[in-house]
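One chain follows as structure tokens, the form predicted on its own.
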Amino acid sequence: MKLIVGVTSCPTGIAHTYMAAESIEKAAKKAGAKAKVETNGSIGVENKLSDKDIEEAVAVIVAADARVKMKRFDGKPLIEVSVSEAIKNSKKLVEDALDGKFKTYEHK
């Protein structure tokens, strides 16, 4: 089963952070994949991604309106979108992730 990892974060970190994470996880499950999504909410980081998670993932979805530590994703296929886009278009994001449509992220 293919693994997609993600990070969700919004400035207040109350509802949208978790709604986006749930949306990505549900879309991945419907597509026959697995998603592990780290949330950077008002209570801090939950479901933190390990180096192994990132290494095993076929793609990364960063759905954030707040700052996220990006260096750890260097060399991975990745897309950055807003939290609201992840909530509205999670199915398309997951399909694109599984189809290899993301560009490889290069940390600067």
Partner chain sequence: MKIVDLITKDIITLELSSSTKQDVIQELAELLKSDDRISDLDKFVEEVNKREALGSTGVGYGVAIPHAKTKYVKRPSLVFGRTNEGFDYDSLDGKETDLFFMIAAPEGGENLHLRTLAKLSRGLMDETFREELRNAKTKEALIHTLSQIDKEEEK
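Positions refer to the first chain, counted from 1. Computed from a prediction, not measured in an experiment: that's the story for all the values here.
The protein also exists as the form predicted in complex with the partner chain; that form is not presented, and the subsequent description refers to it.
- Contact check at 4.5 Å (heavy atoms) against the partner chain in the model of the complex: none of Ala33, Glu56 and Thr104 pass.
- Taking non-hydrogen atoms only, Leu98 never approaches the partner chain to within 4.5 angstroms in the model of the complex.
- The closest heavy atom approach of Ser42 to the partner chain in the model of the complex falls within 4.5 Å.
- Proximity of Lys69 to the partner chain in the model of the complex falls outside the 4.5 Å heavy atom cutoff.
- Contact check for Asp74: no non-hydrogen atom falls within 4.5 Å of the partner chain in the model of the complex.
- Contacts with the partner chain in the model of the complex, taken as any heavy atom within 4.5 Å, map within 82-96 to Ser84, Ile87, Lys88.
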